[in-house]
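Taking the form predicted alone, here's one chain by itself in structure tokens.
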Amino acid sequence: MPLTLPRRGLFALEILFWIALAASFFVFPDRLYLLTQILIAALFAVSLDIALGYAGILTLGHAVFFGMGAYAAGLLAKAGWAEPLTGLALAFVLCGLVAYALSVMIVRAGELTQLMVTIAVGAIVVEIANQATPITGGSDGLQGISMWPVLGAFDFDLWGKTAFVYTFVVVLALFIVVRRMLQSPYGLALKGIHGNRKRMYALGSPVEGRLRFAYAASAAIAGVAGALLAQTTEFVGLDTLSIDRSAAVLIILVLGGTGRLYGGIVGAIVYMVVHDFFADLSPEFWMFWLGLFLMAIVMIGSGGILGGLSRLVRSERS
């Protein structure tokens, strides 16, 4: 969150930000479902930011891992083991391994080729899931998921209280892990690769290995986001794998600001709240108003919301 503020001020701002998110549980008790969806979208956007904003890997098929994680958690529950944390772990490992295998051809490709490959992989996976009706439920979706209580003590209630707290804790824990990773020497190397790959090759940096790990880590976290969706809604549809969801999370990330870590979270909050507002205000034309809003944000300046705030802070201090 690179605003030009003192380190202590940034830390205090971060603490207040997460306290405000947690306090929304009490402030908006009747909107817990929406708040949970915002947290899931935020984690998904953060995962994309690792690949796009930090590693510079262009992808329009990140929903493949989101949906794969959702199906993994859902199928595990239907198979008779509905312990939530196990489902998250399965989604994390499965999506990470699949992404690491795919990264062989993705990290070596040019930008346009990366886009085409990720779109093609997404289309293939959607069709496989659609045809595998006995396993995935096909176009009807994976139904009949019933999760066990979190830690054996907290049932998923109809009001969404457990779902929100569970999702909030998972998102916060993974965000801390991602931040530590991106602030480490590895994260600095990723920024260097994104800025000038040829120079990093010249310095002897293992560029392809670091990019492959970044892509796998990004996919693993996207899988956890998908698993959270499956566990909190107890349903998985084909739309979790669709290019529409990939495009939506890309919009969220660009709206908040790529390469800023908090951009995905801020973008998810703004996008989901505005989406919900326009859907209630104008059920027939909400997409029109949402499109106008996004265009207005883009016209204001580059760098998304956090980029605009950063420029504002610099101008105030100068």
Partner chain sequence: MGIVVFDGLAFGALLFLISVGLSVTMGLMNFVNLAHGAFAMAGGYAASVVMNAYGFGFPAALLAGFVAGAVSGAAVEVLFVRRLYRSHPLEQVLFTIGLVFASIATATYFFGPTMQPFSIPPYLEGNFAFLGAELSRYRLFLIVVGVIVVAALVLGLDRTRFGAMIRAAVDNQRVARGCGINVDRLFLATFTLGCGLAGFGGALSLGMLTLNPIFPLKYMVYFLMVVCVGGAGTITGPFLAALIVGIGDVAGKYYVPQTGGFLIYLLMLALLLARPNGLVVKKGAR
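Numbering follows the first chain given and starts at 1. Not measured: the values here are computed from a predicted model.
What comes next is about the form predicted in complex with its partner chain, which does not appear here.
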- Query: Of the residues M181, V169, L75, L115, which one places a heavy atom within 4.5 Å of its partner chain in the predicted bound form?
  - Reply: L115
- Heavy atom within 4.5 Å of its partner chain in the predicted bound form, from candidates V177, M105, A89, I135, belongs to M105
- Listed range touching its partner chain, judged in the predicted bound form by heavy atoms within 4.5 Å, from 260 to 268, 65 to 73, 287 to 295, 32 to 40: 287 to 295
- Taking L52, A123 and M299 as the candidate spot, are all three within 4.5 angstroms of its partner chain in the predicted bound form by heavy atoms? yes
- Message: So in the predicted bound form, is its partner chain close enough to V254 to count as touching (4.5 Å, heavy atoms)?
- Response: yes
- Can any non-hydrogen atom of D157 be found within 4.5 angstroms of its partner chain in the predicted bound form? no
- Close approach of S146 to its partner chain in the predicted bound form, 4.5 Å, heavy atom: no
- Task: Considering only heavy atoms, tell me if V274 and its partner chain come within 4.5 Å of each other in the predicted bound form.
- Result: no
- Item | Contacts with its partner chain in the predicted bound form - residues in 122 to 152 whose heavy atoms fall within 4.5 Å | A123, I124, E127, I128, Q131
